[in-house]
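Below sits a lone chain in structure tokens, taken as the form predicted alone.
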């Protein structure tokens, strides 16, 4: 208590200053991922020593000694993996605790500043009080002093609790590492211990089961089984539609870091095979896309945007790779957009598609600041890319004028969207699927063949939306929720079937009807750009500042009345197709770069 002021009104002692807090929970979380990646590599070693490395046809004493030592190496690797898993789980808890302590620290700093300011205001009020007025002001000022003392006491109590919690957390982390500091400690605690992942994998629903069955399986597992699976089977968890996004992200991060560590080590030694070079190319592309997306700041709050690695399989589709990244968290977002790319796309192209997803995210947040959003770059199907044809030739064109890959991709897309819906808790999100180029054919098949569970379906630069789709009715959706964009300079929509005489697919060649045509029934929106080149027109639908991106933002946020609509393409039987948009100057977009 400071000395009494004025007519005996005491001032409280100032609150203790909060110590600086420099802990970075994100870096600790990265450490957890690295530890689990190391566990996964140890698991791989254990699997290798008990399988391919056994060399059962090597007979004799040398073979017996080899197998004895190999088995011992495998057992050590398995014990080390179990030990590191325990440490990794503690590090994950540590990251979460540090994040919580950071929030509490910021609150305590605010309270301390406010209380110090309250003392200064009270001091000035007491000093200004005249002796004549103290008779009436004295009790009021004294009551304020008492209230401040009580608030400061509460603050000091919470400050001590915060410091104690921080100390306990630091001690717990030291103990977790000290308990497994030596190989002897690891053997004593984990040698011969069954892997909890084994039973969990036996109960895993079969591939192709509905996503909700995968979620029910996950929820039935114990914490130990869940932690074990993140290491023992990250590919199973990370690529399973229906599991919570946070789980898939963690599993895919483990697999990605394991691949990067192992393959980069081989590259340094010059031991990479051609297949491994392709896998590393895809892994480094996924890491680059993730790292770039993690630099994104929310345009409304300035806070970092969460990034989720929803899919990662660098060996999929004959080495082309499968990967999906979300800018924003789909498990909690109000609106979700899914970008489906087209011709020439493989796993190594994820940085460019993620940049498009980031643009959609930022435009959507600007269009509707009151809603949260997640924008997913989805390379989850085998887009036409060096399709093998007869005589050993390869031609993208041969694949892009057929819809085989779009049919298979449509099934994968529909399952991916079902998985997003199954993993949600609480209110469902509004989902918009945006198919670009051949991706629109894939999205069309997802809707027509699989009953795609999307609220809005957008076709952008479409070469056709699939055989059997004559108009929006064949998509199983209201025409008020089917949209099309076709830049008048984009040559790709000219590949679609148009006209009053519907030729359909000839001998399996062709990709179906043009959704931007007036009699298809979709709502066409403005998507002109300043680029007069065919290539620029086809690739510019997601450019910052474009009218196309502006309209996409209003669609994905459900602000349909703000979408600038365009007349459809007409194709009378007596003449060539006519595009009313041709020659119109694009209006300035209202996205962030405009």
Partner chain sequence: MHTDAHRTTGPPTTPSAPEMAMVPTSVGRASREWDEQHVDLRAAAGQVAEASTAGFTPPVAHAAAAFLDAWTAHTAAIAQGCEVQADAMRAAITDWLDRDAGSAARGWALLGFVEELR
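Numbering follows the first chain given and starts at 1. Basically, rigid core = biggest C-alpha set you can superpose within 1.5 Å across the two forms. Note that the structure is predicted; figures quoted are calculated from it, not measured.
Although not depicted, the form predicted together with the partner chain is the subject of the following passage.
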How about residue 524 - does it come within 4.5 Å of the partner chain in the model of the complex, if we only consider non-hydrogen atoms?
no
Residue 257: touches the partner chain in the model of the complex, heavy atom cutoff 4.5 angstroms
yes
Contact with the partner chain in the model of the complex for residue 561, defined as at least one heavy atom pair within 4.5 Å: yes or no?
no
Does any heavy atom of residue 416 come within 4.5 Å of a heavy atom of the partner chain in the model of the complex?
no
Looking at 153, 109, 216, 174 here, can you tell me which has any non-hydrogen atom within 4.5 angstroms of the partner chain in the model of the complex?
174
Hey, of 338 to 346, 454 to 462, 77 to 85, 356 to 364, which bit sits against the partner chain in the model of the complex at 4.5 Å between non-hydrogen atoms?
77 to 85
Judged by heavy atom distances of 4.5 Å or less, which residues of 444 to 477 approach the partner chain in the model of the complex?
none
Relative to the superposed rigid core, does residue 567 relocate between this form and the one not shown - that is, does its Cα move 2 Å or more?
no
Taking the rigid core as reference, does residue 554 move its C-alpha 2 Å or further between this form and the one not shown?
no
For residue 68, does the CA position differ by 2 Å or more between this form and the one not shown when the superposition is done on the rigid core?
yes
